[in-house]
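In structure tokens, one chain follows: the form predicted alone.
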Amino acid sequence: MQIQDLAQTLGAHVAPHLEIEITGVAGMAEATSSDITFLSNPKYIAQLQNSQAAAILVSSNFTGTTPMPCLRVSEPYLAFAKTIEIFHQKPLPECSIHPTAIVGEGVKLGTNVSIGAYVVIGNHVSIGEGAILYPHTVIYDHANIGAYAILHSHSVVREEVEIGDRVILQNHAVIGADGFGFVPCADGTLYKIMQAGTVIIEEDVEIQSLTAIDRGTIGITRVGKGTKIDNLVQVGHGCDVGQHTLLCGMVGLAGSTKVGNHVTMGGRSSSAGHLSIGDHTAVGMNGTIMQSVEPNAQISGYPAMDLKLWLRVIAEIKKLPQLVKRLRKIEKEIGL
């Protein structure tokens, strides 16, 4: 693509009459003389001098110098993501039903649906227009799949679960399995509590591989519009996750946790059940939340606390061996 055409597609500003053919997209270090790259974080400016890229996406207010032409955009990272889509378009499967697929009774299929090999669809399922079900996907009875949803191989949607429009389920995601609920009995056994609720995944959600969203015990587990959930995440029964929230790898939410809108939970962070996490909160990696959190908080640590306080705590932890040595010396001197 000529650089002027690319700039027009992205809504970018570029020097007029510049003629460069762009054939690919790459990071600064990997880019060749026909690739475009991007700069969104100022700390990587020094790497530009060694980059072989043909052009670079920078912010509109960028004032530095670059060894290659700039395309100025309001959000370079977003423009970079859109550029990848331009140069790396994935082929879509045919709109057809593979002869090995099993389709139950009373199934309602929208137009232009693709159902791959060995897909199993239960009875009275609804699948919206343009949905794609890759091979070995399983849909239980009375589930609803929205328009243009994409369900990758071995993803499972359990009974009566609702999947919104344009939802993406990556491989081996399980939506609506039984929540973890048992009653300890007097004889020492555990009696399983029937999980009679369901799960609602709102539109534009993406749930990545090997993640489990459990159905409510008697209510709804909900994931809000636009939220993105990483690999190996556990969302317990009855949780309510807000809109445009990020749950990074191995996050664990115990049952009935309420997570607000625009929350970010770092990798391996977790929460106890029956608490709330306010809007726009950021939880650091490994943060463990034991009580409700107010909106706009930045927390980390175990147990989770204000981020600045946690940074001070871990700085002091490094001094503990020295402090213990001094304490023992003092105790010896005073005869304790």
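So that the term is clear: the rigid core is the largest set of C-alpha atoms that superpose within 1.5 Å between two forms. Given the structure is predicted, the values throughout are model-derived calculations rather than measurements. Residue positions are given as counts along the sequence shown, with the first one as 1.
There is another form of this protein, the form predicted in complex with another copy of the chain, and it is not shown here; the text below is about that form.
In the predicted complex, no heavy atom of H124 sits within 4.5 Å of another copy of the chain. Though the partner is left out of this view, L57 does not reach within 4.5 Å of another copy of the chain in the predicted complex, counting heavy atoms only. Among residues of the shown chain, H13 is not one whose heavy atoms approach another copy of the chain to within 4.5 Å in the predicted complex.
For A26, a non-hydrogen atom is located within 4.5 Å of another copy of the chain in the predicted complex, even though that partner is not displayed. Note on contacts: among S34, S292, N286, N296, the single residue with a heavy atom within 4.5 Å of another copy of the chain in the predicted complex is N286. Of the residues in 192 to 212, those that come within 4.5 Å of another copy of the chain in the predicted complex through at least one heavy atom are, in sequence order, K192, I193, M194, Q195, A196, E206, Q208, S209, L210, T211, A212. Relative to the superposed core, H13 undergoes a C-alpha shift smaller than 2 Å between this form and the one not shown. Relative to the superposed rigid core, L327 undergoes a CA displacement of at least 2 Å between this form and the one not shown.
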